[in-house]
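Take a look at this single chain, the form predicted on its own, given in structure tokens.
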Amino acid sequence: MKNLTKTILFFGGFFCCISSYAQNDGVTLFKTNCSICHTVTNQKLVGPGLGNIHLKRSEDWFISFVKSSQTMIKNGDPDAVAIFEEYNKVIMPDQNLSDSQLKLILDYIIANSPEETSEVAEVTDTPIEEEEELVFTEKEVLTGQNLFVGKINFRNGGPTCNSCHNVKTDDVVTGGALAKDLTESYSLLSGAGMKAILGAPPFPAMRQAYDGKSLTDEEIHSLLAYLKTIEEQQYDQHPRDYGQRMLITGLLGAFLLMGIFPALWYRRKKRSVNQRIYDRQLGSSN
């Protein structure tokens, strides 16, 4: 009897440890991969709140969507398309996670979701509680602009924003086109969402670019100031398009080089060796 009791206590403690480990592992996975854009409530952040997601979607749907939301959208899944449209067509990055890892994340979400019935869960997600509207000084806006275009370097050596992104403004040269235009990013993603993304980038290219080069809180604040101001003033701007000017300048430069190089090479040797030396050698040998 005593041995049976010990056996029960052993296995009971063993399974409790497994459950605790899974829960903790789910916490780590969620915070690392999801918390930047999602909450475990029904409140929106960058993306929808995930509270009680198990009452709205199946486990297979959840796993497929997190692995590749765009695949589901292209295949015409109505729920995936509706979410994509509702959240301003902001593309959710594919997550390179295994099914078992995603199940741990789902278990964590379920365990920490607010109590509610399935009827309540079907209601449209509520927006995250509004933050007090941020007011920025002109100095903070200017600092943000200088950081965006690289006039001020990021403290930890991260790349400038306009190497990949553009904003519509008269004050700076048109930026990169490798990533999305950020002119309306502040309202699309919200101040809280932008702060989260800049603090811990969820997008693969951005995450790699700032790996070990994270932005400071002051730099993030200044960039938010600049992006908010850019959006508010966008309709008064007449951004400069350098495309035509660069094309004309490039063509003129090409024609100029085509004229200079022939002039420099006019008296170049046309044969592989100096003909006079060659002829002289032939004459001496004869």
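None of the values given here were measured: they were computed from a predicted structure. Sequential numbering from 1, following the sequence displayed.
Not pictured, yet referred to below: the form predicted together with a small molecule.
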property: Output flag, 53, 90 and 206 jointly within 4.5 Å of the small molecule in the model of the complex, heavy atom basis; result: yes
property: The small molecule contact at residue 191 in the model of the complex, heavy atom, 4.5 Å; result: no
property: In the model of the complex, residue 221 touching the small molecule (heavy atom, 4.5 Å); result: no
property: Contact test in the model of the complex: residue 84 vs the small molecule, heavy atoms, 4.5 Å; result: yes
property: Close approach of residue 214 to the small molecule in the model of the complex, 4.5 Å, heavy atom; result: no
property: Residue among 159, 114, 176, 199 with a heavy atom within 4.5 Å of the small molecule in the model of the complex; result: 159
